[in-house]
Ligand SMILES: O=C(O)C(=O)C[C@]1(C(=O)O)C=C[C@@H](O)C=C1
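Shown here is one chain on its own, the form predicted on its own, set out as structure tokens.
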Amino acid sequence: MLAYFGPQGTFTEQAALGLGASPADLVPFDTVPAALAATRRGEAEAACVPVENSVEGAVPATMDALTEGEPLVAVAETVLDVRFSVLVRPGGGEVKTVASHPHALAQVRHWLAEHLPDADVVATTSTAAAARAVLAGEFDAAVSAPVAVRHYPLEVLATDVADVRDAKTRFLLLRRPGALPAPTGHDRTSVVITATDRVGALSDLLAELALRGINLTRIESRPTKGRLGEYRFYIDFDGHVAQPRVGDALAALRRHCPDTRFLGSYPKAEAGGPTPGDEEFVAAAEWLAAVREGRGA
């Protein structure tokens, strides 16, 4: 069984299918924390959840849930182009209310202002929840993933809707800790760190990556929900924990901040250059070993 942020008809369902899941194995959950909790309990083999959007940034529910409870690690990712459909009931008449997830509404606000300027906009827990609510007569239209029409008998008022034409959302496939995916040479590593409250703390963490030639690809902060001003930092960078310099960098991060959680090393979904190898790192280690053994200088 594979848990995903549902209900049926969301982009997350589409992402899970793109990651190789069988439709028969997919089980929707109403929230991201619920999908991850099912995986932590062993009720699901894995969970597929959204992690960031190119327009609206990180998904707070996912970021927070990754730090609560037993650890989960990402083993794969996928990136979807985000295009929406506006769905209505057959013969529904005038559109006075439009519902969707806040991230979706933010990505079509200009379209709504142009085409449905008088409609009230209402936030829901997911794009598919909005479609279900339209079917139930609670709202007149839903901004939803195109896949939703496979599950709900609604009509398409408009399709291929997006204010930003190249908008994308990234999704993670998460499992309980175990064997990691093998390095591919085109990998990403993710961690979450609670930095100590001192001058230069974040700078010291990032320096550990820079000194090893590791490319930082994302950094986001979220409050710990404890003491005011205390934040967790979510960091993505190129490379795989099996690489010596990446492993050494992770150990250094842990040395600076004991509250460091490894979130996975996995193949990157999008095309790009290969992650730099460890040749110089390995050569330097061999030189140091020779010096220590009196074989060179």
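Because the structure is predicted, anything quoted here is derived from the model rather than measured. One rule holds for the numbers: they count along the sequence shown, beginning at 1.
Heads up, the form predicted in complex with this ligand isn't pictured, but that's what we're talking about next.
Transferring this ligand from its position in the predicted complex by superimposing the surrounding C-alpha atoms leaves no ligand atom within 2.4 angstroms of any backbone or C-beta atom of the displayed chain; the site is open. The contact residue chosen from R176, H103, R212, H115 relative to this ligand in the predicted complex is H103, the criterion being a non-hydrogen atom within 4.5 angstroms. The listed set T39, Q243, N53, S265 contains one residue whose heavy atoms approach this ligand in the predicted complex to within 4.5 Å, identified as N53. Contact annotation: this ligand lies within 4.5 Å of heavy atoms from the stretch 120-128 in the predicted complex, the single such stretch among 120-128, 183-191, 85-93, 220-228. Interface membership of V59, defined by any non-hydrogen atom within 4.5 Å of this ligand in the predicted complex, is confirmed. For the partner-free chain shown, F5, T10, F11, T12 of 1-35 come within 4.5 angstroms of this ligand in the predicted complex, judged by any non-hydrogen atom.
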